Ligand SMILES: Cc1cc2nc3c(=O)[nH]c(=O)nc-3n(C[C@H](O)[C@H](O)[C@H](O)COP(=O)(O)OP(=O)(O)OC[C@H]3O[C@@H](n4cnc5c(N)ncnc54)[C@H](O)[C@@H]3O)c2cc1C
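The data below hold one chain only, encoded as structure tokens and taken in the form predicted on its own.
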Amino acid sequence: MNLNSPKLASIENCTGCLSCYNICPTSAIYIVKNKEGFIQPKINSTKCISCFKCSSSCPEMNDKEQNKIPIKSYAGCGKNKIIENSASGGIFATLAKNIISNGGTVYGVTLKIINNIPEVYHTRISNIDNIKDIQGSKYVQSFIGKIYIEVKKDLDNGKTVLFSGTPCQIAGLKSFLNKEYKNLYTVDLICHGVPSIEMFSKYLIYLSKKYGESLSSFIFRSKCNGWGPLIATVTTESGIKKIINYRNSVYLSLFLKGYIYRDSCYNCKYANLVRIGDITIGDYWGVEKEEPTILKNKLSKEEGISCILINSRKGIKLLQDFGKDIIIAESKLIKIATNNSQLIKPVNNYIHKKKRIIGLNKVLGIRLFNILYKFHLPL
């Protein structure tokens, strides 16, 4: 073994942002899945030239990114029908629409189901008609692939770029780019944590057997009963729609309880008020208690209300230049954080002794899910 070969982040700390995978000049980084189905980068020693770009670009091994405390915070929602396909207030979709209308490109997460196998990955769009493909929450880790390389090409060609993702993915992009671009705007999400695509795939296979046919779509946060109730909807290939209450789904309830996340999620350095994106968005849970005056005078809760944290000067510019179709009302940060605990701390699922070890809740949660799947019991 070459003692001068680079090292990647440990299994416990790697977020799967794939900055290393994108920056490697010899394609020496390859992707494997660990025993829980999470992607993990590895180094092919025969291709590695020991340039150390992979380890130097890893945001978990370096602190390059400039995180900031929010400057302003708002409650908000989009004005137009684009909000209907969004999980909450349609802020990202509205910004995306205006960015594309001005000749820019947008990067977000899409979910496709082919033969009951889900694909959740980041994609590039430059057509307003495709915004619906990247709307809505996806409670599973998205695959970055080589998308950072595409972002850099757009930026170098002078295009305005809007990139949305989990905070660790924003950190991965910024670390890969390794310089400030005036034409890049980043939107990070209030992230609870991410299950693996393998576990989600097992869940969809179970549902297809339950309903007796293949699935064509899955919406994690459906508004068929309005904004607020935690329900998902699944559509079969014949067009039959089924409503799934989170309390009646093992996968979704384990997600809410924080039992099936990636190891790094339980010690996430981005789950606090020091934000990595130019703006942060999420559901404004508890808005009716925290800001009753806003609901009475300015915003309607029926279609969904988002919280918006402005974290940088570029965030101010993003909202000013591309947020003309967004209704906003100023709100205190502490009120937003009251019912968004990941703005305070990560999910605490670790036991601390002499060293950190994985908490029993996660071990039991993943084992429970796999046992239920193996024996075809209700998921």
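The first residue of the sequence shown is number 1, and the count goes up from there. Small disclaimer: the values here were computed from a predicted structure and weren't measured.
Just so it is clear, the following notes concern the form predicted together with the named molecule, a form of the same protein that is not shown.
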Query - Contact stretch among 97 to 105, 166 to 174, 208 to 216, 232 to 240 - heavy atom within 4.5 Å of the named molecule in the predicted complex - result: 166 to 174
Query raised in the report: Within 4.5 Å of the named molecule in the predicted complex, do A87, F92 and W285 each have at least one heavy atom?
Result: yes
Query raised in the report: Even though the named molecule is not shown here, does S73 get within 4.5 Å of it in the predicted complex, heavy atoms only?
Result: no
Query raised in the report: Going by a heavy atom distance of 4.5 Å, is S306 a contact of the named molecule in the predicted complex?
Result: yes
Query raised in the report: With the cut-off set at 4.5 Å between non-hydrogen atoms, does N340 touch the named molecule in the predicted complex?
Result: yes
Query raised in the report: Does the named molecule get within 4.5 angstroms of any non-hydrogen atom of N272 in the predicted complex?
Result: no
**Report entry** Contacting member of Y251, Y266, Y139, Y259, with respect to the named molecule in the predicted complex [4.5 Å, heavy atom]
**Finding:** Y139
Query raised in the report: Which residue among L299, I113, V109, I197 has a heavy atom within 4.5 angstroms of the named molecule in the predicted complex?
Result: V109
Report task. Using the arrangement in the predicted complex, list in sequence order the residues of 169 to 202 with any heavy atom within 4.5 angstroms of the named molecule. Result -> Q169, L189, I190, C191, H192, G193, V194
